[in-house]
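Just one chain follows, in the form predicted on its own, and it is written as structure tokens.
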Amino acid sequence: MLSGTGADAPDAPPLLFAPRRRLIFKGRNGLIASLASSAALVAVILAVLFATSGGQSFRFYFFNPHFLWIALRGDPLKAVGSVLGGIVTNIWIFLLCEVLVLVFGLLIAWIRITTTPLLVPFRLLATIYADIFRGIPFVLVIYIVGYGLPQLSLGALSNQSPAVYGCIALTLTYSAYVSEVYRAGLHSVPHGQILAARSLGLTQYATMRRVVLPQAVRTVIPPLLNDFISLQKDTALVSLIGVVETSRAAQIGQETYFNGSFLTMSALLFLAMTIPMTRFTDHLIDRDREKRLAGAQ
């Protein structure tokens, strides 16, 4: 019997992409090279900020400690809202839209892959919906929803706040993208497992709930998280229809004091939201890849 550890055993083929944490350092030379390249990068950034002729002006305009503090706490005397308070609006809009997108996107994906004759018209509508809202820029969607729905005189739906219309626009757009992610995950489940479930007497609904969905959702978690990182950032665009969130508060402060430190503080707050989710997404991708590689060995 052949053994993978014998002298005559063929060498294992090198991996095209090694796990990320194995690429950081390779012995002492790797550590020195990494530190040297990091120091060189920091030196270049500091040289741009401090040694160039425009560095002082750049630092004063974008990294002024006085205005960064005002951006953080606001200035009621000049009707300048807190950028930190504005980020709360971004957070609740993101959390609400995330839940709605998860549910609505899954519903659209399920309608598009179902074979029930009764749902043929809905499959057509779901396909048209996905094509339209993936094709129209989100800026146009938020303008159409924010200024169009109030003109339709649809009762309570036409008398909502701009934040609600922003949530509707975000949900409509991102549900179209997420439905495609779900659909790809649903199609990734081997057809043999579906046939086996049906042969055991499971209905189409039970097969979807007990066999297909658990595997599909596990597969699409990383791409879903990437979509939600984009959703976090796009909550800033609700300011186009009058919502005062962190980027709009920063813009008001910048126009009042003629200093861009308000914009810098808003950007830092967005980074504080998105970087943890980005790192978590990378962790899930690496873990899933290691499991696949372990199964291939």
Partner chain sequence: MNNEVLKMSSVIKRFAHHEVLRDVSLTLHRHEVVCLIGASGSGKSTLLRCANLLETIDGGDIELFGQSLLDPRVDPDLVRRHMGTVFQSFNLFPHLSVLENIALGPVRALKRPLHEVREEAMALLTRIGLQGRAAEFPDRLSGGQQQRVAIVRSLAMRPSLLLLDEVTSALDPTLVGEVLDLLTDLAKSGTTMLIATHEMNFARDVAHQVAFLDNGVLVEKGPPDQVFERPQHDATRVFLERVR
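The structure presented is a predicted model; accordingly, all values stated were derived computationally and were not measured. Numbering follows the first chain given and starts at 1.
Below, we turn to the form predicted in complex with the partner chain, even though it does not appear here.
Looking at 89 to 97, 148 to 156, 180 to 188, 198 to 206, the stretch with residues near the partner chain in the model of the complex, meaning non-hydrogen atoms within 4.5 angstroms, turns out to be 198 to 206. In summary, among the residues P137, G192, P76, P121, the only one with a non-hydrogen atom within 4.5 Å of the partner chain in the model of the complex is G192. Checking V211, A126, I168, L224 for any heavy atom within 4.5 Å of the partner chain in the model of the complex turns up a single hit: V211.
Although the partner is absent from this view, S161 stays clear of the partner chain in the model of the complex, with no non-hydrogen atom inside 4.5 angstroms. Not displayed here, the partner chain is kept clear of T116 by more than 4.5 Å at the level of heavy atoms in the model of the complex. Contact annotation for 246 to 271: no residue has a non-hydrogen atom within 4.5 angstroms of the partner chain in the model of the complex.
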